[in-house]
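Just the one chain here, laid out as structure tokens, in the form predicted on its own.
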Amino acid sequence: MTATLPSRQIPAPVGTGRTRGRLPFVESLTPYAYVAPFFVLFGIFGLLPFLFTFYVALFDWNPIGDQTFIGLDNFTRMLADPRFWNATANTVSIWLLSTIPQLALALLLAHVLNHARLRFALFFRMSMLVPYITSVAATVIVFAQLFDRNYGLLNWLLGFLGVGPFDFVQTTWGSHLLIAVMVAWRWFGYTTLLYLASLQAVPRDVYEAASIDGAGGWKQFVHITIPSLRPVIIFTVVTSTIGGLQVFTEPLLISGGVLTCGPVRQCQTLSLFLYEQGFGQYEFGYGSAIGVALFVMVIVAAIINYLLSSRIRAER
């Protein structure tokens, strides 16, 4: 037998009339209010400058003179400019030389630092932050001395092998190698910590079971570490691509502040070429066209990286 309460004893629902109708609408706006600051800031500092850059690229824009609408002429001029293609080739070369070794070294270091029997593991893990917190200017000074033609440590070591000396700064391949080493040195510690943080989530039992089955360090690295890190690897590949195509400070400093980065523009990247045209030659329209092209390259490279990485993940 069930007991039924009289209708007058049933508690009334909270919120009646107009209050009950307004509350769900206010609550529905709450998630948008939480994410709104990011989109507002992105619109002010990201989207609006890009739209204005594209607008300026359609003009012969003199900062102290007239602005004449010329349509797509700046883009046509850019595609026929050998300096633009030289800067593009330099950027891609430096990006490949810096990104691939950096990610490979970070993977290997993260695997070693995650080893249970490593002594002073916390010290080595914290030391990975040293390159990241070191200023770019200090990094350039140290590496410029190491790669110096007359007094550099690297040329001194090569002298024992009967090779060199090489003038890394004044040659194309040498300057690319020097800049790539500086970029890789600056970011490999940060990437290592990202991989290590992801590896900490992998149960230790997996490695112990692999050791019992006779799997050595290399097999554990290939069959456990790399598959476990696949989402983080995709993230770092995309972010490294974006950063690698925007290298600016390192080539500017090793050339002593010369925007052409050498007499034959041997290490001038796209960012340097953009800055030279916009703020060195005061051709804001042409510089903006280079900026739009750089933006499109970054987007295309990021999409290609993501699609390739996703396809590899799906096949496995």
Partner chain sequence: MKLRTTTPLALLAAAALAAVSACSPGSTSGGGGDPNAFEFWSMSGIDQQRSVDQYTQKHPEIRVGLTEVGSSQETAQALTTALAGGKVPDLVLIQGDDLPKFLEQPQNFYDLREFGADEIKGDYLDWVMAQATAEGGEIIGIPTDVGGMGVAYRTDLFAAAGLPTDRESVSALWPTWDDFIATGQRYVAATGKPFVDNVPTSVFYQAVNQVSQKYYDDAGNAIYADNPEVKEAFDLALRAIDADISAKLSYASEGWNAALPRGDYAVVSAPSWMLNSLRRIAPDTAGKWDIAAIPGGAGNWGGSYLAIPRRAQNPQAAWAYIKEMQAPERQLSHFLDVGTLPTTPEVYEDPQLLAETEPFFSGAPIGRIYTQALLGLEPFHMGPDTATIGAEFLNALVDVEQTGGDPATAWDRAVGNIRTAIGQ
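For clarity, a rigid core is taken as the largest C-alpha set superposing within 1.5 Å between two forms. Please read all numbers here as calculations on a predicted model, not as lab measurements. Numbering follows the first chain given and starts at 1.
A second form of this protein, the form predicted together with its partner chain, is not displayed here; the remarks below concern that form.
The stretch that touches its partner chain in the predicted complex, counting heavy atoms within 4.5 Å, is 33-41, out of 49-57, 287-295, 243-251, 33-41. Residue R83 is the only one of H115, H223, R83, R230 with a heavy atom lying within 4.5 Å of its partner chain in the predicted complex.
The shortest heavy atom separation between I70 and its partner chain in the predicted complex exceeds 4.5 Å. Contact check for Q145: a heavy atom falls within 4.5 Å of its partner chain in the predicted complex. Contact annotation for N150: at least one heavy atom lies within 4.5 Å of its partner chain in the predicted complex.
Its partner chain in the predicted complex comes within 4.5 Å of no heavy atom belonging to S271. The three residues S127, P131 and T239 each lack any heavy atom within 4.5 Å of its partner chain in the predicted complex. Of the residues in 263-282, those that come within 4.5 Å of its partner chain in the predicted complex through at least one heavy atom are, in sequence order, P263, V264, R265, Q266, Y275, F279, G280, Q281, Y282. Relative to the superposed rigid core, the position of the CA of T30 differs between the shown form and the other one by 2 Å or more. The Cα shift for F39 between the shown form and the other one, taken after rigid core superposition, is 2 angstroms or larger.
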